[in-house]
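To begin, one chain is listed below as structure tokens, in the form predicted alone.
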């Protein structure tokens, strides 16, 4: 049994719907389909999810929303007409359903936003099931509630409840092709709650783990996962295999192929993932597995992300002060701030975090608290940082990986602001200024993928 998830670009138009149908019909093992909301049809287009957010915002602020509601309904109608489907009742249901959600949750903004956002996937799953049925397949729409996807009641940040997996097993007993909307589940009190954005990947992974699928296929718009962002490096190397841990690190560090929470269910269940191209399904794709042979390619990929800052603290004999790190992190916890990395020396410590957490008065308040409560010699915040991650489970057993990176930066005349490597040695992090991050990524690509690294 295969669970196949189709992303927004794969279901953006009637033409894409036909490709999905061909893929589903070509393999009887594809028994469960998870779909996203319609994505962009072309550069500059607007995703349905973004239109739905506009709709919810307008309703929340008591502003006119008829035009955006009409635009949403029209997108589904265009898909239906392009598929030569007579679905006037389904299209009218979309408008009625959106209006009903607005009327129900008008005084609960978080609930309204979740219910409206989730409708993108929900309506698309209904349309997909209807289309597959019209082709002669025994296809059924299955709502997340019916499937058993029960989640915590945190609007916009749902977490799957353990009891869901037992309920999902029952899907194996169902006949035909089951079409499930991604991105949301139901709280135990019956409310629609969405996963973090990109959450259709999470749904697909949860369903694959719950039914004990042999393979979880994630269909997107590229032939494979590349070892580096193709927007930065022209024609980068395609990856045949990655491990779960490597993909997790790369997702966290800026790879947009997978939401970084999406792999956890299939990782725990040991289900292999294959990333494939809806527009070229014959391509082998990239496999994400528990283990791979690292001898030829100890480095799996290079990822980067911007928007970071560093709180830099100095205090003489800091290393002898028991509890210093705990007190520092307690200040951040009090202010509701999460951190990414904490490199340190004997008299200094840096905390790297996403800069958007320090908006308003928060930055000054944190600096004042650190100065006053920890009696430090110096504290300042450095903005405009980018993080570049070199990821690969084979690095630990390979000589010269770090040396290659530092030599590449030196040759490109790029200053390294900081270096950090976790104890697992799956990744190395380099902090550089945002304005040179693309040059840094290109330099590392040349170092690692234009020549071979010799393993022990």
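Residue numbers count along the first chain shown, from 1. Model, not experiment: these values are computed from the prediction.
A second form of this protein, the form predicted together with a further copy of the same chain, is not displayed here; the remarks below concern that form.
*Asks:* Quick one: is residue 123 in contact with a further copy of the same chain in the predicted complex, heavy atoms, 4.5 Å cut-off?
*Replies:* Judged by the heavy-atom cut-off of 4.5 Å, residue 123 is well away from a further copy of the same chain in the predicted complex.
*Asks:* Mark residue 382 yes when one of its heavy atoms lies within 4.5 Å of a heavy atom of a further copy of the same chain in the predicted complex, and no otherwise.
*Replies:* Contact with a further copy of the same chain, yes.
*Asks:* Hey, in the predicted complex, does residue 248 get a heavy atom within 4.5 angstroms of a further copy of the same chain?
*Replies:* Yes, contact at 4.5 Å.
*Asks:* May I ask you to check whether residue 50 falls inside a 4.5 Å heavy atom distance of a further copy of the same chain in the predicted complex?
*Replies:* Residue 50: no, not in contact with a further copy of the same chain in the predicted complex.
*Asks:* Partner absent here, but in the predicted complex, which of 278 to 286, 305 to 313, 107 to 115, 73 to 81 has residues with a heavy atom within 4.5 Å of a further copy of the same chain?
*Replies:* Looking at the partner contacts, the answer comes out as 305 to 313.
*Asks:* Tell me, which of 233, 102, 342, 85 has a heavy atom within 4.5 angstroms of a further copy of the same chain in the predicted complex?
*Replies:* Contact residue from the list: 342.
*Asks:* Could you work out which of 336, 136, 190, 270 is the residue within 4.5 angstroms of a further copy of the same chain in the predicted complex, going by heavy atoms?
*Replies:* It is 336 that has a heavy atom within 4.5 Å of the partner.
*Asks:* Does every residue of 320, 400 and 419 put a non-hydrogen atom within 4.5 angstroms of a further copy of the same chain in the predicted complex?
*Replies:* Yes: each residue has a heavy atom within 4.5 Å of the partner.
*Asks:* Could you list which residues of 344 to 361 come within 4.5 Å of a further copy of the same chain in the predicted complex, counting heavy atoms only?
*Replies:* 344, 345, 346, 347, 348, 349, 350, in sequence order.
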